[in-house]
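In the block that follows, a single chain appears as C-alpha cells, in the form predicted on its own.
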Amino acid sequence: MNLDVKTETLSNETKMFVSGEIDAYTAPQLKEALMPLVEAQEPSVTVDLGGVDYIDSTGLGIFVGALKSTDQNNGTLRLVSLNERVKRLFSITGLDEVIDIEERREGAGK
C-alpha cells in the first residue's frame, strides 16, 4: 500500500492530509514531509489521518518524534479524524494522553 501526503499551509497553521498505510515501508515518506514542519519556530501542525487505514509502531514513533520537536520549538501538534482502529492504537500505547487527538477535522474541505 502506498502513502499519500498532502500539505496545506495557512497563515498560522499547516495542515497535512495523510491517506494509506503508515508502516516501516512508508514511514520514511511521512517523516520526510512532517519533520520539517514541526522543526520550524513555534509550529502549529494539524495532521488529518482520516484516510489512514493502518499504522504500525514505526508510524507511531514518527508522531512521538514530531511531538518532541514541536515541544522543543514551542509549537503544537494535533491529530484529527482518526478511525477507530488507528485511534485504539494511540490509546493502547498511551500516546492519546500526550498527543492532542481530536475526533473530527475542523472546517476542512477534504
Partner chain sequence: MTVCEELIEMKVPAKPEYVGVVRLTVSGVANRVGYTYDEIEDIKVAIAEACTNVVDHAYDDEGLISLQFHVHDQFVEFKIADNGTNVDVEELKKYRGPIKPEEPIQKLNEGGLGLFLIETLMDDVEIRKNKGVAIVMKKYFQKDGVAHGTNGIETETINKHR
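Numbering follows the first chain given and starts at 1. What you see is a predicted model; the values in this text were computed from it and never measured.
This protein has a second form, the form predicted in complex with its partner chain, left out of what is shown; the following refers to that one.
- By the criterion of a heavy atom within 4.5 Å, residue 40 is excluded from the residues contacting its partner chain in the predicted bound form.
- When contacts are judged by a 4.5 Å heavy atom cut-off, residue 14 does not count as touching its partner chain in the predicted bound form.
- Heavy atoms of residue 102 never reach within 4.5 Å of its partner chain in the predicted bound form, leaving it off the interface.
- Although the partner is absent from this view, residue 33 stays clear of its partner chain in the predicted bound form, with no non-hydrogen atom inside 4.5 angstroms.
- Counting a residue when any of its non-hydrogen atoms is within 4.5 Å of its partner chain in the predicted bound form, the hits in 73-89 run 85, 88, 89.
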